[in-house]
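So this first bit is one chain, no partners, the form predicted on its own, shown in C-alpha cells.
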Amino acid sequence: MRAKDRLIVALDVDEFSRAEELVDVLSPEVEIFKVGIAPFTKFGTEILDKLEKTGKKVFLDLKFHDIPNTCAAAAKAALEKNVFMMNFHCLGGKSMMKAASESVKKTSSEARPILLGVTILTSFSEEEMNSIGLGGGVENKVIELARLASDSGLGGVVASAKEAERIKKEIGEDFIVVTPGVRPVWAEKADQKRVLTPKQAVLAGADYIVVGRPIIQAKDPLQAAKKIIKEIS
C-alpha cells in the first residue's frame, strides 16, 4: 500500500465551506477523509456527496451502538452511499456486529464497505476505564474486543497504535487496524492519551492512520499532509 493511501484526514470542522475547501486543497495527496459525528450531524449527507463527486473515499465514523436490526440497517444504508469504511462500537456485542456484517454480505455490491469495530477510545486512560467498570487493563480489553469483532465477521478495528502489533499477532495480518489520535512529533497531543507518531503507528502494524487537527488546523494543510506522508513512506 502506498503511504498516501494509509492517511485518513478527519474533517472535524464547523463550516461546510471549510470542509469543501479542505477537500479541494488536500485532494492532490489525500485519498480518504473521515466524516465524524459532529460534521455529519451538521452537514448531513451533503458532505458525503461532496467527497463522492471529488472521487474520494469516505470513512463514516459514527460509531454505531444500537440494537442489531438498527445497525444492520445502518450498514445497508452505507452501501447506498458508497462508503469506504464505517464503524460500530464493539461494546454493542457480537449479535449487533454480526447483524451488520451479514447485512453487508447479503448484497451483491462489489464495493462493500470495510466494517470496523471500535475497541477503546484513544482518549481513555486506565483510570477512566476502571471508572466505568472495564477493568483488566486497556491493552487486554482492546485485544478482547478486537477478537470479538473478528468473530462477528468485521474486517478490522479502530484501536490505538500501541495495541496494533499485538492485534496483528493474535488475530492475523489481514485483520485491518485503523489508528486514530496519531500525532506527529511537531503537533500537540491535546486530549489524546494513547498516541504514537505516524511512523511509529505504521511500524507497529497500523494499516491506516487518522489525523485531524495537525492537518486541518495547520497554516498550510497540504504541506502538513505531505510531511506526514513522507514520514510514513
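For clarity, a rigid core is taken as the largest C-alpha set superposing within 1.5 Å between two forms. Since this is a predicted model, take the numbers as computed values, not measurements. Sequential numbering from 1, following the sequence displayed.
Omitted from view is the form predicted together with a small molecule, to which the following refers.
**Q** Using heavy atoms only and a 4.5 Å cut-off, determine which of Ala224, Leu22, Val13, Val211 is in contact with the small molecule in the predicted complex.
**A** Comparing distances to the small molecule in the predicted complex, the residue within 4.5 Å is Val211.
**Q** Of Lys63, Lys56, Lys168, Lys199, which one comes within 4.5 Å of the small molecule in the predicted complex, counting heavy atoms only?
**A** Flagged contact: Lys63.
**Q** Even though the partner isn't displayed, in the predicted complex is Lys50 close enough to the small molecule, meaning a heavy atom within 4.5 Å?
**A** Result no; Lys50 lies far from the small molecule in the predicted complex.
**Q** Within a 4.5 Å heavy atom cut-off, is Thr122 in contact with the small molecule in the predicted complex?
**A** Taking the distances in the predicted complex, the answer for Thr122 is yes, it comes within 4.5 Å of the small molecule.
**Q** Going by heavy atoms within 4.5 Å, which of 177-185, 65-73, 40-48, 25-33 lines up against the small molecule in the predicted complex?
**A** Looking at the other structure, the answer is 177-185.
**Q** Comparing between the shown form and the other one on the rigid core, is the C-alpha shift at Ser123 2 Å or larger?
**A** Yes; that C-alpha moves by at least 2 Å between the shown form and the other one.
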